[in-house]
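One chain comes next, on its own, written out as C-alpha cells in the form predicted alone.
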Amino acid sequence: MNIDLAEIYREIYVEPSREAIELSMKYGYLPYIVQRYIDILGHREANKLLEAFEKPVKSVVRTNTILINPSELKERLEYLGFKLETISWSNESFRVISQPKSPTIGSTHEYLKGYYYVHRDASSLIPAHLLLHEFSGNVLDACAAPGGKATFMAQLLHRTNGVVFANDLVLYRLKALIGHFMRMKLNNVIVTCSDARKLKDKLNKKFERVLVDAPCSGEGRISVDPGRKTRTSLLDLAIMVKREIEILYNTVDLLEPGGVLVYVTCSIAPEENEYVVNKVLEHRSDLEVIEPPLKLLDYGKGLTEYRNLRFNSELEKCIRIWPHTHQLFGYTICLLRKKH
C-alpha cells in the first residue's frame, strides 16, 4: 500500500475561521484543532469540550486480581487515607476521589508489591474489555508500552493460559513495560521489540485478537498534558496519520481469519481515526467493521463524514469517548474483523 503524505496533507488541510482563531487564542490551541471541534460538534458543543479539557481528571487504580481481590485492596488503600469509588463498568477498578499528602498512589507498599496499576483515566480500560470479551487465547498488543492495556489483558487471560505478545519499538518504554510485568508478577507475557509495521515479517504467528493502540497526537489527553494544545502542527499530524495507516494495514496480516482487531487512539481527531480506518478499508477487502460486544458506556458514534470527506458508512459502529459528555479522556475505538 503506497501512502502519499502530500495527499494526506491536502485532504486534512483546513483554513481556520475567525471564530476558531478567537477560541484558540482564548484557550491556547493551534487554530486548526479548534476548527476541527467546531466542524464536528458545532460552536456550542466545541466550547463545552474546550471547557472540559481545562478540568482535572481522577486517577484510576486497577486491581491486579491475580494477587489480591478488589475489596481487600480498597480496604487497604482507604486505611492509608485514599478515598476510592468503584467504576461501575469495571468492577476491579476504582477512581481515586481524594488522597493523602503521603504516600502518593504510585508509592504505596501495595503498589510496589504489584497489587494494582495506576491509570491516568478510566478510558484506557475500555479496549481490553471489548477485545477480550468471552475470549480465551493469545493476543498481540502491537504498540504495548508503557503497559496499561497489556498488563490488563495479561491479567484477564491469566486463568485461561492465554499469552500476551507485547511489542514496542522504543527501548526506554519497553523497560517500563517489562518493569510493570515483573512488579505485577505477570508471567504469561512475551515481549518483542520491533516497528509494528514490520512485525508481520518477524513473528511466524497469527492471532485471533490484536490490539493496535497506535502512537498518536494524544489530543484526547489535553487535560493532563496541556502542551498537546500546540505540540502537533498540521504537517506533524499528516506524518502521524501516514504512520498510523501503515501500522494498521500491516498488523491486519497478523490476524487469523475471523479474528478481531481493536484500533484505538487517545485522540478525538478524525484524521487519526475514521480517516485512517477508512483508508485501510479502501485497500483491503478482507476487513469489516463490527459493533462493540459490550455497552460499557453510552458511546458516541463514529463519523461517516468530516468536512468534504466521506467515509465508509460502517464506521458509524466505531466508538467515540468525549471528555465533555463522558468525563473521560478523549478516545476513539474501532473494532475490525478479518473475513474468512
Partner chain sequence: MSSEKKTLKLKTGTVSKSTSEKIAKLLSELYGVNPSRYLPSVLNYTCFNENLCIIYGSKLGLVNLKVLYENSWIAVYTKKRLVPSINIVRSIYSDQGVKAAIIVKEQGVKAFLYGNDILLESVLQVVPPVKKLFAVIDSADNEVIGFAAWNPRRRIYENIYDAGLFLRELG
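Only a predicted model underlies this, so the values are computations on that prediction, with no experimental measurement involved. Residue numbers count along the first chain shown, from 1.
One more form of this protein, predicted together with its partner chain, exists but is not displayed; see below.
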item: Of Leu125, Val260, Val252, Val191, the one that lies within 4.5 Å of its partner chain in the predicted complex (heavy atoms); value: Val191
item: Contacting member of Leu234, Met182, Ile87, Val96, with respect to its partner chain in the predicted complex [4.5 Å, heavy atom]; value: Met182
item: Non-hydrogen atom contact Leu186 with its partner chain in the predicted complex at 4.5 angstroms; value: yes
item: 4.5 angstroms heavy atom contact with its partner chain in the predicted complex for Ser107; value: yes
item: Distance check, Lys175 to its partner chain in the predicted complex, heavy atom within 4.5 Å; value: yes
item: 4.5 Å heavy atom contact, Phe82 and its partner chain in the predicted complex; value: no
item: Segment assignment from 242 to 250, 129 to 137, 149 to 157, 107 to 115: heavy atom within 4.5 Å of its partner chain in the predicted complex; value: 107 to 115
item: Partner contacts in the predicted complex for 53 to 81 (non-hydrogen atom within 4.5 angstroms of its partner chain); value: Leu67, Arg76
